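First, one chain by itself in C-alpha cells, the form predicted on its own.
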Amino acid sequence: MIRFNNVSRYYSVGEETVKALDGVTFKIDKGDFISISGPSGSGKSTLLSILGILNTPSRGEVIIDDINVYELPPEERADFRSDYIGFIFQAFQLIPYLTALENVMLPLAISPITRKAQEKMAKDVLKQVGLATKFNKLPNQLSGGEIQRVAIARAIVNEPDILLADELTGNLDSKNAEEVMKLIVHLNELGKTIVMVTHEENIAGYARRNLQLFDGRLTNGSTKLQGVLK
C-alpha cells in the first residue's frame, strides 16, 4: 500500500547541508501497524511529514496505492491527503472555543454532505472512541486522555485508510496512554493502516513492526508481536 523508494530530504543551514532523511526505502502493507523510533534529530518527524504529503522530498518516490503522490498537482495532492490520511498530533491541536463535537466536525467542513449528516458522522466516531457523553464539552472541560480521544475521532471521521500519529501519548500519564493505545490497536484491527512515531519503547511495542532511524537512515526493521513490550 505504501512504498518509500530511496527517499531523501535535505535542508540548507548556512553553507551546510543537513540530511534529515538519506536514501530511505521501505514498504508498508495495507492494514499494518508500524512504529518509527530513533533518537532526537534522527528524521522521524520528517519521515512522517513526507508520508503525510506535507513535506516534499528532495529526491525519491512516495507511492500510495500505486500513485506517486508527489507527482500529483498541488490541488490533487491536497485532495488525496484529505481522502487517504488522518493525523493525530502530540499537542492535540483542538480549537479551544469549539466543543468536542464541533472539533470533530472540522474535517467535514468542505464536504458536500449536509450539516445534519456531518453531525451524525462526528457523533458516531465520538461514540466509537468512548466519548458518547462528551459531545458538548469544551477541551478545557476534558481530561488529557479525553482530549486525545477527541483528536483521534477527528482524525478518523473522514474514514481515511491511513492514520499517522506523532508521539500521541507524549502528553499523557501511563494510565491514559494505555487506554489510548488500546484504542489505536482496535482501529488497526478494524483495518486502518497505522504509522506511529514514538520515542517510548513500551509504546513502540504495541506495533507489529518497528522501523529504526539514525542520522536520517533506516537501520533495521525488526518484526515483533503486539504486546511484546507492554
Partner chain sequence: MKLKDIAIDNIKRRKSKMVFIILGMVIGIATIVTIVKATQAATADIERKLDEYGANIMVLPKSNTLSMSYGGISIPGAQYDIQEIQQTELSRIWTIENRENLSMVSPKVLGSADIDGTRILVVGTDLATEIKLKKWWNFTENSNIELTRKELPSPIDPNRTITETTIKDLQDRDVILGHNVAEKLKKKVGDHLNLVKGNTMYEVGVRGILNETGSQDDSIIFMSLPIAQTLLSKEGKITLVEVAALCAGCPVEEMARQINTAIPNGKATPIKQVVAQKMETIQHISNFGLGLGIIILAIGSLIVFTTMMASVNDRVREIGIFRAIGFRRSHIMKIIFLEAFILSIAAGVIGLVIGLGVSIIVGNTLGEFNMQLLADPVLALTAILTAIIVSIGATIYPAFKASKIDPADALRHI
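Bear in mind the structure is a predicted one, so any value in this text is a computation, not a measurement. Numbering follows the first chain given and starts at 1.
What comes next is about the form predicted in complex with its partner chain, which is not displayed.
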My question is simply whether A132 lines the interface with its partner chain in the model of the complex - judged by any non-hydrogen atom within 4.5 Å. no
Does any part of L72 reach within 4.5 Å of its partner chain in the model of the complex? Heavy atoms only, please. no
Verify the contact flag for L54: yes if a non-hydrogen atom of it lies within 4.5 Å of a non-hydrogen atom of its partner chain in the model of the complex, no if not. yes
Is Q141 close to its partner chain in the model of the complex, meaning a heavy atom pair under 4.5 Å apart or at it? no
So in the model of the complex, are F87, Q93 and I113 all sitting within 4.5 Å of its partner chain, heavy atoms only? yes
Residues in 105 to 121 with any heavy atom within 4.5 Å of its partner chain in the model of the complex: M105, L106, P107, L108, A109, I110, S111, P112, I113, R115, Q118
